[in-house]
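Form predicted alone, single chain, as structure tokens, below.
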């Protein structure tokens, strides 16, 4: 699976959120997404990842509070639902699409290969903004961490990967990153094939990826960027099950609100106001 084709400047924003985003007191991330979509717009909320019945309705109320005219929850709970023409019509006319948290495998197994996944990819390529929190964030890229162990040291067999939604192939996302000690599993992931940049999202923190593939950090936490392009050596191919893995040459950045990162040049960009 690869990202949908469209004019480079036409693609909508891709906004993975690390989970536990502030929803009431100062919802900076959700407000930024709502502003990008526009107050008169429809935001389609897809609560498929969650097993809580009120998840969709809760985000409908949150986006109403943020001034969105028509937030709607689309209950794609089964693969059969993903062929429902009425819900698909609502989805393809939305200016923004929001994937809630829960279980990312529930997203991939329910939406994968259906008209819903195809519509999200096509509409993002045409300019519709797509945000996802927690499991929704993990699902957005071409490759997805299905599950894995916690810990700081990469280990063989630490991570199981699955195909994701495919909005971008430039990153692999891990969520709740700092709170759940997931550095080891993201390092393990990128060592399998050092192509995509690892993006570890702290809670209440998002990466706003524009059509030029520049990532902007927003929120109260940090984003860990792991650039694998300079890896000189990895012992992944010879490690036995559960062995620690040696990785030499990976570059790591910790970025906070206002910092940006160019996914093409692999360069961090300092906020203008912080420059001397």
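Treat the numbers as computed from the prediction; the structure is a model and nothing was measured. Numbering follows the first chain given and starts at 1.
Not pictured, yet referred to below: the form predicted in complex with a further copy of the same chain.
Which residue, 74, 197, 159, 94, has a heavy atom that falls within 4.5 Å of a further copy of the same chain in the model of the complex?
-> Checked against the cut-off, the match is 159.
Exactly one of 112, 102, 127, 184 has a non-hydrogen atom within 4.5 Å of a further copy of the same chain in the model of the complex; which residue is it?
-> Checking each option against a further copy of the same chain in the model of the complex, the one that comes within 4.5 Å is 112.
Closest heavy atom of residue 179 to a further copy of the same chain in the model of the complex, within 4.5 Å or not?
-> No, no contact at 4.5 Å.
is_contact(residue 163, a further copy of the same chain) in the model of the complex, heavy atom dist at most 4.5 Å = Yes, residue 163 sits close enough to a further copy of the same chain in the model of the complex that at least one of its heavy atoms falls within 4.5 Å.
Can you check whether residue 169 is within 4.5 Å of a further copy of the same chain in the model of the complex, heavy atom basis?
-> Yes - in the model of the complex, heavy atoms of residue 169 and a further copy of the same chain come within 4.5 Å of each other.
Is residue 153 close enough to touch a further copy of the same chain in the model of the complex, meaning at least one heavy atom pair within 4.5 Å?
-> So residue 153 does not count as contacting a further copy of the same chain.
Which among 24-32, 207-215, 59-67, 235-243 is in contact with a further copy of the same chain in the model of the complex, heavy atoms within 4.5 angstroms?
-> Going by heavy atoms within 4.5 Å, the stretch is 235-243.
Contact set, 182-198 vs a further copy of the same chain in the model of the complex - heavy atom within 4.5 angstroms | Heavy-atom contacts within 4.5 Å come from 191, 192, 193, 194, 195.
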